[in-house]
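What follows is one chain in structure tokens, specifically the form predicted on its own.
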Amino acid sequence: MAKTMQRLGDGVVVEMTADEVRKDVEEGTKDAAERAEVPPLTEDEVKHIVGIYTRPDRIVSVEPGKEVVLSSDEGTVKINAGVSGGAGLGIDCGRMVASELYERALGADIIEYGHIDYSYKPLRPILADERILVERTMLVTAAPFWYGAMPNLGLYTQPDGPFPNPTELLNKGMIKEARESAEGMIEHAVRDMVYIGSGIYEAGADCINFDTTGAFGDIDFKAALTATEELKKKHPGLMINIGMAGEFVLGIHGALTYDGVRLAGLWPHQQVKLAEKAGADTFGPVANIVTSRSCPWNISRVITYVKACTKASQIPVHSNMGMGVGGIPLSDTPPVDAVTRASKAAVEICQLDGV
């Protein structure tokens, strides 16, 4: 039987037959459905994914007229030095010029602005400088302007912050102390996120993006939800996007709740309902890549999670699909064949509002 080029979750090229691709798609949806207790993909949806991944084309796309909005996180920073260990294009320009390149050369639907640290805590002492840059950049661009950073509650632990690390305390069996430390971290993080979000909005930004929410488990998610609620009360016209860090909320604290719902253990279709209640305008569900499995297996898991999320959601869903998430290989520059296949499959099956 003829084989087609496929990729593993780390980007390595492999060859697979159509039967092997189908087997991986079936196994992937079964894995996700059992974990999140959601329906698996239908037979027609399995066939649709197999058809997309066995096409010989280098690049695939949706039909004209069925395109969705492309949003991004920290996009302009990646034009120059970038993050993630220096993963960027290395173009010697500032964020204002990078924003113009994104808009005018690359045709971006939005401009997503962020500082190189890309976390809210380091932004507090430089907010005045960021406000100036935000205002200047908006004067030379026309696309909707998002300002993003991560809640990143890890920065509030010692030695970078004032609180003992809850995970280290848990390893010592100090559960009460770990929870008290986590609750203090949340209070400080919410204060910073509301302060930064208000300042950037008052400088003219259209949206605040809480990116990689949940990276520190339920502590992180609680901070983002609370900050969203407070910002929307303060600035009803501010758009807020919550983008997650993983498909499952880890229970670092374990007993935290929001609106009476325990945060630990939530899956995308449950996460989005709390994001709605907090006041988020858009939501970015995530499914992390498994590098040792094929992209067809990975995208099948993604679509199973995200399809349930879009069905449950009353707000637009922009699935996180980039380096290491959303069925796209974990590599600094994801291969275009994998990116377009994953995007097409997710958009067509999940009825996404954006990617």
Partner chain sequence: MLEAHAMASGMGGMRTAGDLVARMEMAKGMRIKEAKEYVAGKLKVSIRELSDPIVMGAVRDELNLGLIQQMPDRPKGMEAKFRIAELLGIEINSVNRFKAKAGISG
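The structure displayed is predicted, hence computed values, not measured ones. Positions refer to the first chain, counted from 1.
The form predicted together with the partner chain is left out here; the points below concern that form.
Only one listed stretch (286-294, 42-50, 309-317, 27-35) carries heavy atoms within 4.5 Å of the partner chain in the predicted bound form, and that stretch is 309-317.
The contact with the partner chain in the predicted bound form, taken as any heavy atom within 4.5 Å, belongs to 204 out of 204, 246, 161, 254. Proximity to the partner chain in the predicted bound form, taken as a non-hydrogen atom within 4.5 angstroms, holds for one residue of 110, 98, 178, 278, which is 110. Proximity of residue 347 to the partner chain in the predicted bound form falls within the 4.5 Å heavy atom cutoff.
Although the partner is absent here, residue 330 sits far enough away that none of its heavy atoms falls within 4.5 Å of the partner chain in the predicted bound form. Residue 352 belongs to the set of residues with a heavy atom inside 4.5 Å of the partner chain in the predicted bound form. The partner chain is not drawn, but in the predicted bound form it has a heavy atom within 4.5 Å of residue 340. Counting a residue when any of its non-hydrogen atoms is within 4.5 Å of the partner chain in the predicted bound form, the hits in 118-152 run 135, 138, 139, 140, 141, 142, 143, 144, 146.
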